[in-house]
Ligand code: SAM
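Take a look at this single chain, the form predicted on its own, given in structure tokens.
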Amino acid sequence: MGELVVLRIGHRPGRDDRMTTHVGLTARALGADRFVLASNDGRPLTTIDDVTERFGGPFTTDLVENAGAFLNEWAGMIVHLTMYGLPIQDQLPRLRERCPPGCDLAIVVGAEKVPFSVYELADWNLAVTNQPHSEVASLAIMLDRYSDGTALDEDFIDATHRVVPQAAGKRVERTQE
């Protein structure tokens, strides 16, 4: 079975902490195996790891200094999510042909201006919409469509907490002592 990795590049410490954390949490919740942050600031990983510990996995996080080096060493397919890319709804059938769920896939999500080399290294530059929008929304839509909605049924193991679905209010239960 392949690995589905989300790579966050361009993280600006202090400015993007919350957004980067949300990218990682979205990756975890919607079927990625690993979140890689290209930065010298690993603080967002602490929150993501804490959520994984409480709400289950498997899911891992890594900190790398250089996104280009990571992408150059990656042996699988690379999708770069960008509003300048080709429409996901048109390209997804071809992506699934070349890299069906279960193959090694890295999904790149940017923050600040993405270096042109990422556009060149990517096998696919895909847009959820060609309008300015959130990278968290793009990632969520990409993961959901790529998995054909099955990521929503993901079972997480070794959770100590679980959310109890309710029509109103909030409820979290401990699952283990």
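Quantities reported herein were computed from a predicted structural model and do not represent experimental measurements. Numbering starts at 1 and follows the sequence shown.
Heads up, the form predicted in complex with the ligand isn't pictured, but that's what we're talking about next.
Looking at 26 to 34, 144 to 152, 110 to 118, 50 to 58, which one sits within 4.5 Å of the ligand in the predicted complex if you count heavy atoms only? Selected range: 110 to 118.
All three of Leu81, Ala127 and Pro132 touching the ligand in the predicted complex at 4.5 Å, heavy atom to heavy atom? The answer is yes; Leu81, Ala127 and Pro132 each reach the ligand.
Test of understanding: in the predicted complex, would Ser39 fall inside 4.5 Å of the ligand by heavy atoms? Ser39 lies outside the contact set for the ligand.
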